[in-house]
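First, one chain by itself: the form predicted on its own, in structure tokens.
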Amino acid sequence: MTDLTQAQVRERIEKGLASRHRKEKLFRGLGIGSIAFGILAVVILFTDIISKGSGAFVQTAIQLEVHYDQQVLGIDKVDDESLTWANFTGVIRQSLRDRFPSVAGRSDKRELYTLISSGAPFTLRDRLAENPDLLGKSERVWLSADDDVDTFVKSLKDSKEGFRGRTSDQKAGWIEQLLESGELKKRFNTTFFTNGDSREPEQAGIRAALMGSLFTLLVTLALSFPIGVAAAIYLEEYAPKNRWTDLIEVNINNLAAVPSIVFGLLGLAIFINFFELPRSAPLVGGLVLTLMTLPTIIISSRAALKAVPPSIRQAAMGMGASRMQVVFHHVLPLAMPGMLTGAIIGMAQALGETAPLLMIGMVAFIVDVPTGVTDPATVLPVQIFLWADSPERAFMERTSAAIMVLLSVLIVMNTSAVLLRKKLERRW
């Protein structure tokens, strides 16, 4: 009877162990599957963005023999006033007619003129301003093609059939002639990094949005980091533990979960309507993002202060240090790596925000590059939002390319936070 009972117990134990092992394998498989699914989703996302946005880093250009004819330009000398009123568009059109002399008829000529971007006259103006001796002479110049031409050229395959869009058969024939003669090429698109926004895709760039993001983040960092660190030091090192401090801690944790658009409404009501600060300025954007990132920085700073062993404080006090000396000479230097990590993560969160900045008017169409925190500006996420809503096909490339730039900056910031923490942190 006893041997039979032991056998039954052993059998039950073995069944129980087998069941536990099956559940552990199932749980492990679910974990691996979740990680694989997440990696697959990220790979698909990045592949889609890169495939759509990589074309924005190259731009189609057409080479023309340009003659700076004084009669066509309507000027007899090179100075600021003359260049302002000079007819560079007429010079480009004359060059196109010389390149395609067989084109006749008003409608055909109008279509021929659409090969070149509407921003090409500004390129000629800058060249003539840099080299006044070119007046009355000729030179071969590479000029940006129109966005429809750029889209068509980028979609061409071996069959010479690409996305036509608004490109007629006649226009496609001109493009093919330029390709065969080597007068049409795809070059690195410096305009994308040097220009501000534009209604024309081939002239649109992200420089104004990048500078706006930079000024906004500088204001945010200058305000949120010292205020957040000071609040964390007070709550962790000086504040008495009572219901008021508990209430403050609960509110800080709740503020970290408040939707960002609420902070935008708060900034609109206080900073713009009450204090009458300039709308669509990095100063106001930085103030709004400061309110949004403060809870994150306070929470991470308090966690960094808590991670410092109590023995550090006790040893410093035992040596006769005051409370302030303990905090600023011993605790704060040890907690600073964690605080900096939290600040960088908060800045990365602020860089990717759109909703609160839309509420304070940073959705405006900004062409000029801002030079200060009070100049009208937009930011990179808002620029992406504006381009994504544009009907032109070429803006789809710009949207994906701007997303690539934004993700690259965010990856650099988050990687810097991890490396900084590993380099500066101390283990006890």
Partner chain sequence: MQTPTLFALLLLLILVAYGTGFRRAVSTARSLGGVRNLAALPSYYGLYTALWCGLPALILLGAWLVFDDAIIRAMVLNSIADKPEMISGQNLLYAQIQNLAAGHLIGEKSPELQSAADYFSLLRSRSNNLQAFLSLVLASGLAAFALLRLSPKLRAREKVEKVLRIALIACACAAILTTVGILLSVLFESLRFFQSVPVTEFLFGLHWSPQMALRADQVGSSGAFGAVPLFTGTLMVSAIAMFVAVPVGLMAAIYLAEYASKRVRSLAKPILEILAGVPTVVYGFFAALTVAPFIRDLATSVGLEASSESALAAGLVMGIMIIPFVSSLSDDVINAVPQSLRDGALGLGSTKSETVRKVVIPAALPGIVGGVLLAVSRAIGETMIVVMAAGLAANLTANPLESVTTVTVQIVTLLVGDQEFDSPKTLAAFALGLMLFISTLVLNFIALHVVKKYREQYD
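Nothing here was measured: the structure is a model prediction, and the numbers come from that model. Numbering follows the first chain given and starts at 1. The term rigid core refers to the maximal set of C-alpha atoms that superpose within 1.5 Å between the two forms.
Beyond the structure shown, there is the form predicted together with its partner chain, which is absent from this document and is the topic of what follows.
Taking non-hydrogen atoms only, residue 67 never approaches its partner chain to within 4.5 angstroms in the predicted bound form.
Using a 4.5 angstroms limit between non-hydrogen atoms, residue 420 is distant from its partner chain in the predicted bound form. When its partner chain is considered in the predicted bound form, residue 385 lines it closely, a heavy atom lying within 4.5 Å.
Shown alone here, residue 406 lies within 4.5 Å of its partner chain in the predicted bound form, counting heavy atoms only. Taking a 4.5 Å heavy atom cutoff to its partner chain in the predicted bound form, the contact residue among 363, 373, 367, 58 is 363. Residue in contact with its partner chain in the predicted bound form (any heavy atom within 4.5 Å), chosen from 210, 233, 153, 86: 233.
Of the candidate stretches 224-232, 143-151, 90-98, 183-191, only 224-232 has residues with heavy atoms within 4.5 Å of its partner chain in the predicted bound form. The partner is not shown here, but in the predicted bound form the stretch 317-331 reaches within 4.5 angstroms of its partner chain through a heavy atom at 322, 324, 325. Taking the rigid core as fixed, one finds a CA shift for residue 408 smaller than 2 Å between this form and the one not shown. If you fit the rigid core between this form and the one not shown, you'll see the Cα of residue 27 move by 2 angstroms or more. Core-superposed comparison between this form and the one not shown: CA of residue 37 displaced by 2 Å or more.
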